[in-house]
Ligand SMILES: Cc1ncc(COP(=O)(O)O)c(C=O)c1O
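The chain that follows stands alone, in the form predicted alone, written as structure tokens.
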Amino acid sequence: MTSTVLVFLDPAHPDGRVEDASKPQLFVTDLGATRGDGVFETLLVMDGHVRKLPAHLRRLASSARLLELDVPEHEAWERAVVTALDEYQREVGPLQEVVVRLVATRGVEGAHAPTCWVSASAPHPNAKRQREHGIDVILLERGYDSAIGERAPWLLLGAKTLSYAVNMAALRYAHGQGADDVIFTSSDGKVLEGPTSTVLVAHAETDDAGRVTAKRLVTPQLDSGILPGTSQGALFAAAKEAGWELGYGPLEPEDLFDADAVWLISSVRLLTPVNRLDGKAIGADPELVRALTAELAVLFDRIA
């Protein structure tokens, strides 16, 4: 038995074809393996509830269109997810916290058919620890200016592709510097995103008694060559209903240092506070940071 469940999307199996994830399954000529030519999504199941599946399927389809890659319709993915989770529950255990990945590659070279699968596995232990205790982050330049996405759509900056070698190299570099994660900046000095996350910044106004009277939540501009975050979008909608003021950049590094709180948000790690940025503590009031984090975490937990 393996702790990862694997289900291939297959026209001959409408609900998906279950395979053994501990055995070789991918052809060595698959363009996803040889060239990173494909797209993916990662989402979280908590207490049996699949979070934001429609948003992830929409982004998967959007990424595939940017790559001119034909992928199955949403319903086929949904059926495969159900099959994967049923199999996971049968083989591994309760669906308390499960990471689900949807992957589509251009397929075997010359075959003209995509390779698509769903996997279900337990999250890395670091995800929960970082979510609960926060992380130290460093700023790294990505090497592009913030308008490159519009000038060079072939760079696919708005698509979630399998070409993650640069992102993983950035994380290894951060670990070598004693940090947990990275926030990328553009060559013209704008804040972009993390290798696997979206940046959120908060400012709060307080009265003489220290009570919060206004709250503003800001994220980088979506047209700055970043991946639109499904978690950021869902949290913004919930925060707006709760009375938060919202904004979309532009953000510069100084805005992060001046913020009352900064988070990296993603579908698996969820809302993760940034404790230190380039060695400098974020937020002058730790209690305020904890209060803002707790409030947003409650809103985020309610997201479908």
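Residue numbers here begin at 1 and follow the sequence given. All values reported here derive from a predicted model rather than from experimental measurement.
There is another form of this protein, the form predicted in complex with the named molecule, and it is not shown here; the text below is about that form.
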| query | Can you pick the stretch from 131 to 139, 107 to 115, 193 to 201, 82 to 90 whose heavy atoms fall within 4.5 Å of the named molecule in the predicted bound form? | reply | 193 to 201
| Is there a non-hydrogen atom of residue 220 within 4.5 angstroms of a non-hydrogen atom of the named molecule in the predicted bound form? | no
| Might residue 265 be said to contact the named molecule in the predicted bound form, defining contact as any heavy atom within 4.5 Å? | yes
| query | Does the 4.5 Å heavy atom contact test between residue 215 and the named molecule in the predicted bound form come out positive? | reply | no
| message | I'd like to know if residue 206 sits close to the named molecule in the predicted bound form, meaning any non-hydrogen atom pair within 4.5 angstroms. | response | no
